[in-house]
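Next comes just one chain, in structure tokens: the form predicted alone.
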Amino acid sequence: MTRKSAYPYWFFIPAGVIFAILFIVPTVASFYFSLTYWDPFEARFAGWDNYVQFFSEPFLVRGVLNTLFFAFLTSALKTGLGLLLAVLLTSGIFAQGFLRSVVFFPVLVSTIGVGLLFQELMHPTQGAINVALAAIGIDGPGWLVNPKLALFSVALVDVWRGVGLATLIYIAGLSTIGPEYYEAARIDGATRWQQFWRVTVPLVRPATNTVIVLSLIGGLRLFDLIWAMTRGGPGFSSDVLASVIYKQYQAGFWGLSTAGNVILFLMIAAIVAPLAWWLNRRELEA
């Protein structure tokens, strides 16, 4: 019996070392420091005190709820709008290539730049959006200063910035659907809506799964756009878990903020891993 050589596995060593240094070691260190009161000079063991304090602070718990709301809202909107735009941009409309570039362009722009731009556009009195609404007799809302609208406004900007990537993924998925499927549907008398619902939607399910998972991960860990637009305000109305963690670092509660990082990591894993497994299972059963 020929013994299998271990030589091919040696090529995994460089990637394994890099992965261990950049992911495994920091992750284990984060779990350890989340159980301590630490600063750059010392670390005192605190047990579960940081976690108890985290869940006893109302604004910290609100950050978790805001994170879930923001992530699921933006993921749903990116998925729906991305599919509709992809269908439109593969239908042979005029200037199709140019319109694809326009839709995808916001993905290439710096997130901080997008945040600062929309912070000006959504200014309650001098912003271009409310000025345009005033010109047609509509009193524009305080997009970023109204506690009830701030998080929703940032979510809309995030959808505008990220729907281009979802559209691109869907365009790639639509390109794999052969025309014979639609020809067979037309022969059977299917309307355009029936073709979309019975042919397009099932056959782009792999692309849908990818968009949902990527959008959900991005929404759960988003920080830079919210910080650039509202810094979690007004009050704590638009704080998400990542911005709360950053504020705790700024205030010097490093152990508490590290515990928040661990909670964020576990929350993403607890949501995304089962969801990805379920989506992939449905795809295989279809």
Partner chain sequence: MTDRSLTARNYAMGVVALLLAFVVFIVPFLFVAINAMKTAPDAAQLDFSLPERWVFWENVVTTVQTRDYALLLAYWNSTLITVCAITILVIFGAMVGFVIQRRPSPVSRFVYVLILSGLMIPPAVVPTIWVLQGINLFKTLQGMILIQVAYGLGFTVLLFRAFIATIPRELDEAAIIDGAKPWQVFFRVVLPLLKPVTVTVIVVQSISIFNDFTHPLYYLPGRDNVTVQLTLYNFQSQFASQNNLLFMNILLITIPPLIVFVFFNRQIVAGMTSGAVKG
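Positions refer to the first chain, counted from 1. Between two forms, the rigid core is defined as the largest C-alpha subset superposing within 1.5 Å. From a predicted model like this one, the values you see are computed outputs, not experimental measurements.
One more form of this protein, predicted in complex with the partner chain, exists but is not displayed; see below.
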Quiz item: Since exactly one of N130, T79, S153, Q119 fits, which has a heavy atom within 4.5 Å of the partner chain in the model of the complex?
Solution: Q119
Quiz item: Which residue, L73, L214, L149, A185, has a heavy atom that falls within 4.5 Å of the partner chain in the model of the complex?
Solution: L214
Quiz prompt | Check all three, F23, T210 and Y249, heavy atom within 4.5 Å of the partner chain in the model of the complex | solution = yes
Exercise. Answer with yes or no whether D224 is in contact with the partner chain in the model of the complex, where contact means some heavy atom within 4.5 Å.
Key: yes
Self-check item: is_contact(G92, the partner chain) in the model of the complex, heavy atom dist at most 4.5 Å
Solution: yes
Quiz item: Quick one: is S101 in contact with the partner chain in the model of the complex, heavy atoms, 4.5 Å cut-off?
Solution: yes
Practice problem: Tell me, yes or no, whether A134 is in contact with the partner chain in the model of the complex, where a contact means a heavy atom of each within 4.5 Å. | Solution: no
Exercise. At a 4.5 angstroms cut-off on non-hydrogen atoms, which residues of 159-187 are near the partner chain in the model of the complex? List them in order.
Key: W160, V163, L165, L168, I169, A172, P179, Y182, R186
Exercise. Answer yes if the CA of A15 moves 2 Å or more between this form and the one not shown after aligning the rigid core, and no otherwise.
Key: yes
Quiz item: Quick one: core overlaid, is D39 moving 2 Å or more at the Cα between this form and the one not shown?
Solution: yes
